[in-house]
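Alright, two takes on the same chain below, each alone as structure tokens: structure 1 and structure 2.
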Structure 1
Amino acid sequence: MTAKLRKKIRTCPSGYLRKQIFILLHIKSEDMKARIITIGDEITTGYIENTNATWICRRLTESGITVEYVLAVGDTPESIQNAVELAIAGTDIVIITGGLGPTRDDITKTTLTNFFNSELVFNEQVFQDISRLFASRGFAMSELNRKQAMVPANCRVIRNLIGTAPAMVFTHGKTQLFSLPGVPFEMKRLMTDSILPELKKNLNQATVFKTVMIQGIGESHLAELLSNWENALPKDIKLSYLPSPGIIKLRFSSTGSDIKTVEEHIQTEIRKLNKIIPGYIFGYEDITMEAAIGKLLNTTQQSLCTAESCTGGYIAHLLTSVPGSSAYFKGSVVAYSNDIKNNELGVSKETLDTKGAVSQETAELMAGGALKKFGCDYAIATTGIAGPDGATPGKPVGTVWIAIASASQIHSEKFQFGDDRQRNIRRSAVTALNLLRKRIEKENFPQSFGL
């Protein structure tokens, strides 16, 4: 560590950050390590999420590379230079994204040129790539775009065939620094096609991730059910709970030199998990609930419709976001008002007056009315109080009735969610889809699913 770098760490205004940087710089391990810098005022001011860093962290980790930390800095030469000086000391890989476009605030290239004591030179290959890109889109190249063909003399260029800014690679001792454009689809293509394959050549092990998707149980209750199994997990397998509204992901990870052996090791534990909570698992590897429903309906060659009040068409939106959903999804009635519930779904005014729009009777009549209206095999109905207002005595915000109808029966359940409107809509939707999943499995695959 240089004396200049030690001084920067000592004068860092945050004692906690200073301590963490010191620890990270002194970690000793045989693993390949990486540090990530994302550049842009739009990130440091909170106007956009740092999705590039999230994506890169995951891909590096899956490749068996340990990510030590992520830094986000603004669009100033001093911020970028300080971040590079901290990150480049004592690690294997530094990945920078952002600041490589044609506008005035894209200063990463000039800052790196100065940092590595270089000069900008014209690169004919980069110029040809930019020219072809503009010609293919029917645009004229501006002088600002021509300047993007100027690159530091001491960097290695990685061609960017879908954008105007190439990736640049610098070597500093044992450390490689990769500077990538901040446009997400360009960054991902460069990482996937060029950088990750290059890095993997120097690795002798990889990390395997497996995800189990769970719905219908709270995180604390799930942890109780799994406590004995979790305590007996092999030490080389890590388990993470990743909750989101209505869904919990259980993520397994393990590292080894033989990927097939590591995968089988994890699958052994997943098979044990299936025996403990079979009714709560709806899929694997980040499959969405709506995609799982689509697979089931494609397999059974059955159809679905929805009648939605409190979810406002959100269930239909989820279902139609899946490619090929027209094969099984027939349509929806967004029955937000009582008049639509009555006129379009056949919910009687007497039921609405005596039982209320948020009631078991209304939910079941909505589901039955949709089933008849669309001629489907299954119908989902939702009615509830999403909030923040609308509560009545005995029906607080978050009260939701969900009904599932098929030719054989109509079944409904009452749920009490929270007081946040958007979370209530999301939880109502995924819960409704999960109830449908269980009904389809019970009616079509009772032995296979143990229901």
Structure 2
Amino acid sequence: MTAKLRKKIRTCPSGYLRKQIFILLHIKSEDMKARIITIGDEITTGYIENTNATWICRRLTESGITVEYVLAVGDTPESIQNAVELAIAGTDIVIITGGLGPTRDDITKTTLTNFFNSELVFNEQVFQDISRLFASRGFAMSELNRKQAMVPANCRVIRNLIGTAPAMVFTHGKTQLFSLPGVPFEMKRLMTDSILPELKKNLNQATVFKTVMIQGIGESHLAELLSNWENALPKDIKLSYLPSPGIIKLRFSSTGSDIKTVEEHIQTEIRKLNKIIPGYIFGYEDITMEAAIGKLLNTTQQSLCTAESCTGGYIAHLLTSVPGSSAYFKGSVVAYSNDIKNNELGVSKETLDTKGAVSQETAELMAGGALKKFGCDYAIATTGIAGPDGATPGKPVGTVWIAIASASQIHSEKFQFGDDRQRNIRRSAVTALNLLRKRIEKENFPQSFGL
């Protein structure tokens, strides 16, 4: 709510009217809802991801506007017509992207022109913008582009200074419909510079998101551990479980007029969460495990190396995906063959013969060997059966031994993952990184560990 509106309410002579205005404004902002329509066969044929919809959903949600749904339809007048009919009734905002380019004879524009019983008229301003754009790029303007200066008579035009199709705004009862080009950078510029600021004027609230990153526990067990706390969660805080291989993201969201208050409101719950499952939380927001470890090692000024069999270099890849990782990551031996386990990491042939390459002994010798070889503070070692082949009696696909070595100790754990090779590699890596993270915290920050 703008200061101007607040003043209006304050200075309204009638207390009753004042209250009514406040309620109206309050309800309007509280209840602002949006629906998104994306037009294009490239989406309904699965040719590209619907990144426009995702981007708009995120921006509207952050602005405190609830997205009721996203509807993706193909490039036919009927489907566009039906989508608009469905969306326009009973909501505040409809945002349409796509179908405004010169290549498909403006199918969205003509469809909207008909839907709103209007006609296309020449718009000098738009024509000037298009001409300027072509001049700046040194291209000649085509007949198709000239056509883009025709807009429905009853729409409000929002100028597009970086593309040939302007945004168009139609009003239908209490609903505003925004039609935007589908070219991502044009759509984003129009949303950011014009449409979002316009919408936010009518809002006095925003939605805050907080994410807690969790590793080392399954979704259902986590839900059980958290059930009491979750039941007691304030109604205005929404919680979502977002699982991905080896990791669960707990996402909090809440809406309010004062962002700081809402943030503190969520933080209070996150502090409680921290006391319930301290060991499983490795970071906040969308930090990756490898970035979290990077932060730790930059703080402790310690170094790291890996000795990888079943993960085949994936852990080293994750670690080196982090900018600046050369400060703490020294290198790795990917010991896929037993010869390399033996020659490079000092796993004795006897151990490999008697205990096997996938064994506690091999894992720990690999970790110790790498630690010594590279003179690092920490070493991760993995050895397991990623699959689909390689299973032996007592060692099914998914059996993985992970060892963490430091100056003070070498500790290893056995894990049983699934039968999917890619997931086994991914889960082995994330699990190994989490074991390392806990070890680093335990050895460097014992007082804060697990709190």
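Please note that residue numbering is based on structure 1, beginning with 1 at the start of its sequence. These numbers come from a predicted model, not from an experiment. We call the rigid core the largest set of C-alpha positions that still match within 1.5 Å between the two forms.
- Here, the chain labelled structure 2 is taken from the form predicted in complex with another copy of the chain.
- A movement of the C-alpha atom of Glu344 falling short of 2 angstroms is seen between structure 1 and structure 2 when the two forms are aligned on their rigid core.
- In a rigid-core overlay of the protein, Arg132 has its C-alpha displaced by at least 2 Å between structure 1 and structure 2.
- Rigid-body analysis of C-alpha superpositions between structure 1 and structure 2 gives a rotation of the smaller part of 18 degrees.
- In the core-aligned comparison between structure 1 and structure 2, the Cα atom of Ile162 sits 8.5 Å away from its counterpart.
- After superposition on the rigid core, the Cα atom of Gly46 is displaced by 2.6 Å between structure 1 and structure 2.
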